[in-house]
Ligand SMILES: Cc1cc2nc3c(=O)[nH]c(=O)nc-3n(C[C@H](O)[C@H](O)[C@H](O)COP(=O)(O)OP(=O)(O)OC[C@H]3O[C@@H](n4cnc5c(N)ncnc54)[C@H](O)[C@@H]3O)c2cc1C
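First, one chain by itself in structure tokens, the form predicted on its own.
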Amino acid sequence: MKANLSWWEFDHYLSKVDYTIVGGGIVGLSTAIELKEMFPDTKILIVDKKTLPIGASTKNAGFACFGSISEIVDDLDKYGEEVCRKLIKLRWEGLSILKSRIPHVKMRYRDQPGAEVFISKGEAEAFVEKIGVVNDLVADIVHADQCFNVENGKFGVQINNSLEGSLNPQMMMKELELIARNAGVLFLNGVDVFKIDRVNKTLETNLGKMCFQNLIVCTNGFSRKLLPHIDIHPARNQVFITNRVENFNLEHCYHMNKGFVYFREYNGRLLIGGGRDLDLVGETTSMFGTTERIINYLKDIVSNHILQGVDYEITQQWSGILGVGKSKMPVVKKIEDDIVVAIRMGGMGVAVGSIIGKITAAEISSSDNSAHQLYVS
């Protein structure tokens, strides 16, 4: 390694590392935690490009959701019942692991039903007719017969998902990192990985070459340069939050347009994001930033439907980078005996991250060297 490291630093961080994890988001942290539970005496190192996670783990809106009705119906039409059930099961089990791992108060988790808003009654009718089908689909997964229901809500007809919630993603990540550190996981930030040399078992980085014994790649939306042959590309999502609005309170976490738009109230502020479906090509980027057309679209929704007649200010806006592909199914794949990738969370990292970590840990530690896509038995 070309960096000016002392023997102490080299010995602590880089010598005799059993598992090297690239990417310190929710999947990387969850994988490290699972591996430590399986093999307490192993040496695990998480390397990350920046001081703070830069993908979506702390850039999202804090929805603990597993699917609005239009998204589920759309998935049924596109992928069929078997794949749709797998997706919902992954999200449900992932959220269950997360909620059992972190006390609710430490990530400000609250049970807060999801609600998909339909501005016109006609738009809602097709999905109201599907409520029974979707309830039957999810019943044995979520252990509830009537997960979805319809009502006339604050913004028009809405179909509720009664089993969803919300949380503070930064607090969630802080707690996951604390669990990992307390278990003995090492962290090395500021490491930008340019290339994986499979033959020599090294990573080419901004600090020089790093050797690995077992490698786990959890870089999600930033994976294209390392894994050019896997179906994944970045997708930018934009979010903004307003100032505190007097007497503003929302009971639900809201979705619109197959989940492409989402909003909720947080401490008297409106938090809203999405809209990338307006320009799917332009938003296929790993560059942070905002798009005026999309921000104006979100502002129109705020002014015309959510905060009608209310003066408000945007106090902060940001973007996050998702990892998506032709399929919504995450990829957990062994590409070598000693290399596993865990990517393509499809904007559902909060929901699936914990279960993907569990599956990834099992995959990298398995003696079965046949590469395969993720499956859920």
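Numbers follow the displayed sequence, beginning with 1. Note that the structure is predicted; figures quoted are calculated from it, not measured.
Only in words, not in the display: the form predicted together with this ligand, which the text now covers.
Pick from D277, D192, E175, E93: which has a non-hydrogen atom within 4.5 Å of this ligand in the predicted complex? By the 4.5 Å criterion, the partner-contacting residue is D192.
Let me know the one among V341, M345, L35, I69 whose heavy atoms come within 4.5 Å of this ligand in the predicted complex, would you? Flagged contact: M345.
Counting only non-hydrogen atoms and a 4.5 angstroms cut-off, does G349 reach this ligand in the predicted complex? Residue-level check for G349: yes, a contact with this ligand.
V332: heavy atom within 4.5 Å of this ligand in the predicted complex? V332 lies outside the contact set for this ligand.
So, L226 and this ligand: in the predicted complex, are they within 4.5 Å at any heavy atom pair? Within the cut-off, so yes.
Contact test in the predicted complex: Y109 vs this ligand, heavy atoms, 4.5 Å: Contact check for Y109: no, nothing within 4.5 Å of this ligand in the predicted complex.
Just one of 233-241, 128-136, 71-79, 299-307 has residues with a heavy atom within 4.5 Å of this ligand in the predicted complex, so point it out. Of the stretches listed, the one contacting the partner is 233-241.
May I ask you to list the residues of 305-344 that have any heavy atom within 4.5 angstroms of this ligand in the predicted complex, in sequence order? Read in sequence order, the residues that approach this ligand (within 4.5 Å, in the predicted complex) are G320, I321, L322.
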